[in-house]
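Consider the single chain below, provided in structure tokens and representing the form predicted on its own.
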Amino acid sequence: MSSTPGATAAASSSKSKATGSSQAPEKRKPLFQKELQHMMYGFGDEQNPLPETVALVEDIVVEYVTDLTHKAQEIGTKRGRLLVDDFLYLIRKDLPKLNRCRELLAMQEELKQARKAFDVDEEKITSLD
């Protein structure tokens, strides 16, 4: 066996703390396997990383996103609704993440305005016919 019983117990107890239960971790469908493989390759890993490695990275990502969402929801319940600003507040001290989020939000707004302008132009064209 490659791992010691103590290491296995420690790993399962940290997993149960993260999920909030003392039961065995649930099996869930992989969500981001392909995307993570491409990202890992882009950051210097092999083109086809080990499935166990991808699964571990996915577990870390899902746990991070879940925790961040729960924290944002706690902030949002004080106001009665969840806003994008709740997430921005939580990552305010991590400047690279904050700047990237702001950049993506600005890009989303630009795309929304472009679609809106395109729809208006299309309506004018159809009304002329």
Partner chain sequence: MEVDLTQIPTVEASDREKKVAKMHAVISQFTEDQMSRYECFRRSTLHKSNMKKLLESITGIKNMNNDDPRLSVISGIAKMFVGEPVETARLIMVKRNEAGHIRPCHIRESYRRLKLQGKVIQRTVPRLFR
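Residue numbers count along the first chain shown, from 1. Owing to the predicted nature of the structure, the values given are computational and were not obtained by experimental measurement.
Omitted here: the form predicted in complex with the partner chain. The next part is about that form.
- Proximity of Gly76 to the partner chain in the model of the complex: non-hydrogen atoms within 4.5 Å are absent; the residue sits far from the partner.
- In the model of the complex, at least one heavy atom of Gln108 sits within 4.5 Å of a heavy atom of the partner chain.
- Looking at 60 to 74, the residues that come within 4.5 Å of the partner chain in the model of the complex, counting any heavy atom, are Ile60, Val61, Val62, Glu63, Tyr64, Val65, Thr66, Asp67, Leu68, Thr69, His70, Lys71, Gln73, Glu74.
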